[in-house]
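The chain below stands alone and is given as structure tokens, in the form predicted alone.
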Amino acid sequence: MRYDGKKQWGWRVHIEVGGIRMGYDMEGRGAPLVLLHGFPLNRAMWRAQVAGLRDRFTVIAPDFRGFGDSEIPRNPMTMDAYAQDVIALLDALDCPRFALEGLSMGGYVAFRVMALAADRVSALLIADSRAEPDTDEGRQRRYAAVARIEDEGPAGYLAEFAGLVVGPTTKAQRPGVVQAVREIIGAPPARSLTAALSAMASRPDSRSLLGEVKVPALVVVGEEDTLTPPEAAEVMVAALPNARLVRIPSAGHMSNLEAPEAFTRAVRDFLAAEFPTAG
């Protein structure tokens, strides 16, 4: 299945990597672009971007372990473990080099892919995420969520979370987006949620990586994102040697779902400028 720049792929499949079944989509033609989803969603959150980019890129969107169609974690997880799953998938697809995009938790995983395999990344795109680790207060919130899920089950936590990740303009003017987020989240198992929350709480500080990123970078943030606000995006852009910032108006933490056209255009324009012959 080696990418040859000519064949057009388009299938939704599973593959065995690292001893687990991993779900992913692979659609389009051209240079590979890997999309890493946010917590507690899955690869379905990228549908608009896949549709808007597959004419020029081979878009690969995996499900993290425990989400979507990927198997539930058997052991505690770390950001490095999620990153290793992504790398193993790309190895199995014989994809030696790729542009890499991650939103929210996907951004945390993207930084660990950079730490483990920077030579394979042709461009880095980070959306609604941050490089610094959780504060003590942030870790306490995540561990409190773990305790709640273990005590009560996931339903109440997930219903509240879907309302937290979209901005006030979206809630007021595009209420269907909140319902769409809930539908994409679905009903991931409690063990998947608690493993991811614990991994995010204990994730390493990625700020030291930023100055070592030699490839072009794009940072995207919703102007109404309160979880990873525009100030965090500005800090990353200042530290990255070759980066640009795009702020998405009237969007919160799920900027790719709240303003899909603006988000997709930002990604497409960035990659077209940096790689004009791609595809």
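When you see a residue number, it is the position in the sequence shown, counting from 1. Values in this document were obtained by computation on a predicted structure and should not be read as measured data.
Unshown form predicted together with a small molecule; subsequent notes refer to it.
Colleague: At the 4.5 Å heavy atom threshold, is residue 62 in contact with the small molecule in the predicted bound form?
Modeller: Although the small molecule is absent here, residue 62 would stay clear of it in the predicted bound form, with no heavy atoms inside 4.5 Å.
Colleague: Check residue 220 for me: does it contact the small molecule in the predicted bound form (non-hydrogen atoms, 4.5 angstroms)?
Modeller: Because no heavy atom of residue 220 falls inside 4.5 Å of the small molecule in the predicted bound form, the answer is no.
Colleague: Closest heavy atom of residue 120 to the small molecule in the predicted bound form, within 4.5 Å or not?
Modeller: It does not: once the small molecule is placed as it appears in the predicted bound form, residue 120 has no heavy atom within 4.5 Å of it.
Colleague: Tell me, yes or no, whether residue 252 is in contact with the small molecule in the predicted bound form, where a contact means a heavy atom of each within 4.5 Å.
Modeller: So residue 252 does not count as contacting the small molecule.
Colleague: Among 206 to 214, 244 to 252, 37 to 45, 23 to 31, mark the stretch whose residues have heavy atoms within 4.5 Å of the small molecule in the predicted bound form.
Modeller: Answer to the contact question: 37 to 45.
Colleague: Using a 4.5 Å cut on heavy atoms, which of 185, 166, 114, 200 is close to the small molecule in the predicted bound form?
Modeller: None of the other options qualify; the answer is 200.
Colleague: Between the options 193, 131, 90, 105, which residue brings a heavy atom to within 4.5 Å of the small molecule in the predicted bound form?
Modeller: Residue within 4.5 Å of the partner: 105.
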